[in-house]
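Here you get one chain, nothing else, as structure tokens; it is the form predicted alone.
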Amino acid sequence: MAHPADPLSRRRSLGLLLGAAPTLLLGGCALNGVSEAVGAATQPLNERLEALLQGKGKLPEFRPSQVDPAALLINSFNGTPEFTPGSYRLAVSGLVSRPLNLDLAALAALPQQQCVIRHVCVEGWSAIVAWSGPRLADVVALAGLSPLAGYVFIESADQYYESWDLASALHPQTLLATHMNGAPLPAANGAPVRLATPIKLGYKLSKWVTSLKLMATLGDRRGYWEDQGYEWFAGL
């Protein structure tokens, strides 16, 4: 089996070759007036390229022995929300036939999956982490997804917000993680529930997730950092 870093290196090389200019303009720095104008023109192409590179299949994963807990840094957006035991609910609404309000027991009753994957931060660091929990796709399927849905708007208890394309949300390695490295997810890392996937940069991976809303189009609020100039798709 190829080393997990090899496919990622090939994907990154192709992405840099075909999309270097848009990536530089649409990366993790606030856009100035010039780059904002260019970014508006190139972002759709950049997103299509990243979606093509992402594909629909599973990415190679790492061995559990490669997990490095100390490498996962904690970034706090607005402090760490507190949940009383049993108070957590995940709302699933919008373009679904069965709106849901799931507690942790309901999430635990769904098929559980572990992914040993690399978490990549736009600030330049990365960490190999073993995440586990239900797939986001299984939660959406339970709610009865409408064929009109194309995006997911995600809200968190710390007021952070994000939006994803539906294909990325339904990727087989996109999890609503409740455990990390074989133990319950720590509060500082997003407990009770956070997003985890190998196909998105870290700022897309919301912690303390409380709401998923399926939508046909993107609204004015695309993401906390995206609304300040960061790239929206943020694919790896």
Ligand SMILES: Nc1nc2c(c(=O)[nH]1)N[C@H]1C(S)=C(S)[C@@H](COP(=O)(O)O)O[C@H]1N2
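Don't overthink the numbering: it's just position in the shown sequence, from 1. No experiment lies behind these values; they were computed from the predicted model shown.
The following text describes the form predicted in complex with the named molecule, which does not appear among the structures shown.
- Contact annotation for the candidate site: Tyr151, Met215 and Gly223 all lie away from the named molecule in the model of the complex (no heavy atom within 4.5 Å).
- The named molecule is not drawn, but in the model of the complex it has a heavy atom within 4.5 Å of Gly202.
- Among residues of the shown chain, Leu100 is not one whose heavy atoms approach the named molecule to within 4.5 Å in the model of the complex.
- In the model of the complex, the named molecule sits within 4.5 Å of a heavy atom belonging to Ala188.
- The named molecule is not drawn, but in the model of the complex it has a heavy atom within 4.5 Å of Cys121.
- In plain terms, the part of the chain that comes close to the named molecule in the model of the complex, with a heavy atom within 4.5 Å, is 71 to 79 out of 136 to 144, 104 to 112, 91 to 99, 71 to 79.
- Applying a 4.5 Å heavy atom cutoff to the named molecule in the model of the complex picks out Ser156, Asp158, Tyr160 from 147 to 162, in order along the sequence.
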